[in-house]
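One chain comes next, on its own, written out as structure tokens in the form predicted alone.
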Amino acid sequence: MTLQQTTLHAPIIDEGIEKKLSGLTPETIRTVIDDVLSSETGPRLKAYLKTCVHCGLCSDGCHFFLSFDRNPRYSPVGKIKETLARFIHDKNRITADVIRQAAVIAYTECNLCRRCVMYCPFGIDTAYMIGIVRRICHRLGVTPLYIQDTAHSHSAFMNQMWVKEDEWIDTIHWQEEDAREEIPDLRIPLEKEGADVMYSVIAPEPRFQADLIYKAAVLMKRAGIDWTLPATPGWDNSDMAMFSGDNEIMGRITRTHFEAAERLNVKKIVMGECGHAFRSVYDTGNRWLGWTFPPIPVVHAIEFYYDLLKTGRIRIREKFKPRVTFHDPCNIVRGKGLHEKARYIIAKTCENFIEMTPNREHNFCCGAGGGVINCGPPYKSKRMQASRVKAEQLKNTGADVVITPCHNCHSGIDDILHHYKIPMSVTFMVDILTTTMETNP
């Protein structure tokens, strides 16, 4: 079923983008472009640029292109031609207006989901190239206001929601008190040295979704896991600086996260249900720091849940009855290949599962990841238009509930369901597990 498309209204004036443009000179722009290209890129970028034959086969992989009625300006190759290719071939003639256009394209018209890579005959990583455009824009001080504010929060508090240390600790105590009404001897251990697991969350949890911490604690208790949370910075694993182009802050976030785990002398880090944070910690942030591998093993919640079910540390009492479908998050499926483990969990916990079409590594992006939702309310209308193909995919399942183990996906899909009036709810996987698992000790 095809959903009706809406129309964009007046141009968006973003103070974060506009503020620095008036002071940019062609010389400043050229210097930054030269520095980024010469010191932060290499053979990988050259190979992509020389290999691309502009065939356009990447286009059908892009939800922007499909949702905007196959408008070629939204094709992946079209976005590169209007941004990075211009930076390279016309670098002596790049004006502030070109930078404005590039920032809008790079931050708000590409989710860095890498679905287009699946359709390129040469495997060219468009998301990597758009990331370079974001890096150049960041170096020039031209970044959407909302995502830059988030990066500032990372810089000041090492979390993305301006959560102070005492607020974090108070939230943990509050959730522990609530959980003990269900399990009297439950504790949420802070600063426990030598635990098997350091569990890490993203800052929206203590700020807006504290019940997820409660549910994680119940799961840990039922499974008999020796675990802890840090009380100091390092508890938040999110990383919007990775998407704003602020690699320096991205490196600080990753280092702080691992330093907390090393200080507590844990055996591994289990990350909550977030895709971009997982990618930052196990991949992008590490490489910026020059690390070949993470200094401490890191697993995503999906891997953790899978192991708990597979080894019998948690058992299912009764399967979830409503019709469910599953959204494959980009960063844990195309980025890490956890799609089959996720389906194992669903098979164990849900009675009525309906696959989306397409699915697994071919699934459409939620439209919120890659920092796009963090560019804020000014871009929500465009984001909803770009998600029309995702809305159709969701609606066509006929499911009652969509499960997605990622915060950005959860928020993005919730927006889609409301905007397109689709009678479906969205939930995390831990919600399903804590609803269905055996509660006996």
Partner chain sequence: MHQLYDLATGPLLYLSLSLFAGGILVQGISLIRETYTSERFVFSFLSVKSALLSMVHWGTPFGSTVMRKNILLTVVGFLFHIGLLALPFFLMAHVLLFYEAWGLSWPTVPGWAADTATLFVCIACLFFVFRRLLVPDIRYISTPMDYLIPVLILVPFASGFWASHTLPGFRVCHVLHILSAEVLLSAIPFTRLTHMLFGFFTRIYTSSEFGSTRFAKDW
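Remember, it's a predicted structure, so these values are computed and weren't measured experimentally. Positions refer to the first chain, counted from 1.
Unshown form predicted together with its partner chain; subsequent notes refer to it.
Visitor: State yes only if every one of 53, 73 and 362 has a non-hydrogen atom within 4.5 Å of its partner chain in the model of the complex; otherwise state no.
Guide: All three within 4.5 Å in the model of the complex.
Visitor: Quick one: find which of 367-375, 278-286, 341-349, 315-323 has residues within 4.5 Å of its partner chain in the model of the complex by heavy atom distance.
Guide: Residues of 278-286 come within 4.5 Å of the partner.
Visitor: Tell me, yes or no, whether residue 49 is in contact with its partner chain in the model of the complex, where a contact means a heavy atom of each within 4.5 Å.
Guide: So residue 49 counts as contacting its partner chain.
Visitor: Please tell me whether any heavy atom belonging to residue 128 falls inside 4.5 Å of a heavy atom of its partner chain, as the geometry stands in the model of the complex.
Guide: Close contact exists here: in the model of the complex, residue 128 approaches its partner chain to within 4.5 Å, heavy atoms only.
Visitor: Applying a 4.5 Å heavy atom distance criterion, does residue 64 contact its partner chain in the model of the complex?
Guide: No, residue 64 sits far enough from its partner chain in the model of the complex that none of its heavy atoms falls within 4.5 Å.
Visitor: Give a yes or no for residue 215: in the model of the complex, does one of its heavy atoms lie within 4.5 Å of a heavy atom belonging to its partner chain?
Guide: Residue 215: no contact with its partner chain in the model of the complex.
Visitor: Sort through 220, 333, 104, 269 and report the residue having a heavy atom within 4.5 Å of its partner chain in the model of the complex.
Guide: Selected residue: 333.
Visitor: Counting non-hydrogen atoms within 4.5 angstroms of its partner chain in the model of the complex, say which of 118, 98, 88, 210 makes the cut.
Guide: None of the other options qualify; the answer is 118.
Visitor: Go through 23-45 residue by residue and record those having a heavy atom within 4.5 Å of its partner chain in the model of the complex; state none if no residue qualifies.
Guide: The stretch 23-45, when checked against its partner chain in the model of the complex, contributes 41, 42, 43, 44 at the 4.5 Å heavy-atom cut-off.
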